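First, one chain by itself in structure tokens, the form predicted on its own.
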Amino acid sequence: MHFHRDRGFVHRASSEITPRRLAETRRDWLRDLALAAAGSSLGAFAARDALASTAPASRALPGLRSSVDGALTMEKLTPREDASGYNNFYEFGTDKADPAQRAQGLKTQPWRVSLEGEVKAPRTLDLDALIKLAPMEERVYRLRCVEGWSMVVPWLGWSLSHLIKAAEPTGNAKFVQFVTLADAAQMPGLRSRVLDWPYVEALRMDEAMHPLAMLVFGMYGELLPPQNGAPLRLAVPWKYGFKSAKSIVAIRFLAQQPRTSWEKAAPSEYGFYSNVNPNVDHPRWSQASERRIGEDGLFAKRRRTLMFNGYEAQVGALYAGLDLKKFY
């Protein structure tokens, strides 16, 4: 697997990135207001519902209900049409509707994932082998986006720890890096200079080994739609959504902490840990509350954001003694 190195790319200042994203958010908001004013029976998300309904039919992917502590929130599920029609997947564009509109041609077969770095025997596994590596489970997780919106999604997959154990990392492996697909022929968003491609994320080894850290192959009882990160992605529910890398093609075990894509793009705004923390605001907006997508109409009251996205009892010990304002 070839890993992209810095080729002299100079990223735009963070002050140039965030206003664009804010402008897009405002544009989405104004569009939603217009739809609501028009009397749409589905409120602000009718356009995305219609867009998601054009996606090709998926294949059923059954799973047992998980017994992992904290893996099944009892909150109301986000409607599937919203969860598959309102996404951040910058490889297909920065507008929330772009992934559902542009990702449907993504080729997910064949698909192979390489295991590299500090492992006893580097190897490559195909998708079918990965799916069969552990029993499939359904887990209902909260998803909190750094931009201030949230969802509740029933994922299908299993704990990432199963794959890590199968990879047999050496004693030098302290971090796990995830490299995602960067195919300009399929992904029009790669023409944008918002990020340096491919998209790269990482976890500390103990974070990656936590039972709640999940390798995901499906949602709502079926295989992942392309716009949600097909054919496999992460779900790390106590961190902001951008930590859950989509369309993974390589997993690398490292001795040193790597820089992630958003750290490189805007280090003053996005840290390595990116734990959901209502007490640490993004430089440009508060993280104290969130808007639940698809919940009770456009003007629903914002929810109070929970520490670690509500998973503090399960994961808080991972960060004992760590200054979470410094290590954001």
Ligand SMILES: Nc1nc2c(c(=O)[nH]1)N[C@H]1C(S)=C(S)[C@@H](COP(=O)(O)O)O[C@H]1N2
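Throughout, we count residues from 1 along the sequence that is shown. If you're wondering where the values come from, they're calculated on a predicted model, not measured in any experiment.
FYI, the form predicted together with the ligand isn't displayed, but the following is about it.
Tyr199 belongs to the set of residues with a heavy atom inside 4.5 Å of the ligand in the model of the complex. Of the heavy atoms in Phe242, some are within 4.5 Å of the ligand in the model of the complex. In the model of the complex, at least one heavy atom of Thr180 sits within 4.5 Å of a heavy atom of the ligand. Interface residue remark: Trp238 is not counted as part of the site for the ligand in the model of the complex, having no heavy atom within 4.5 Å. Residues of just one listed stretch (118 to 126, 209 to 217, 149 to 157, 72 to 80) have heavy atoms within 4.5 Å of the ligand in the model of the complex: 149 to 157. Though the ligand is absent from this view, in the model of the complex it lies within 4.5 Å of a heavy atom of just one residue from Cys145, Ala97, Val249, Val140, which is Cys145. Applying a 4.5 Å heavy atom cutoff to the ligand in the model of the complex picks out Gln227, Asn228, Arg233, Gly241, Phe242 from 203 to 242, in order along the sequence.
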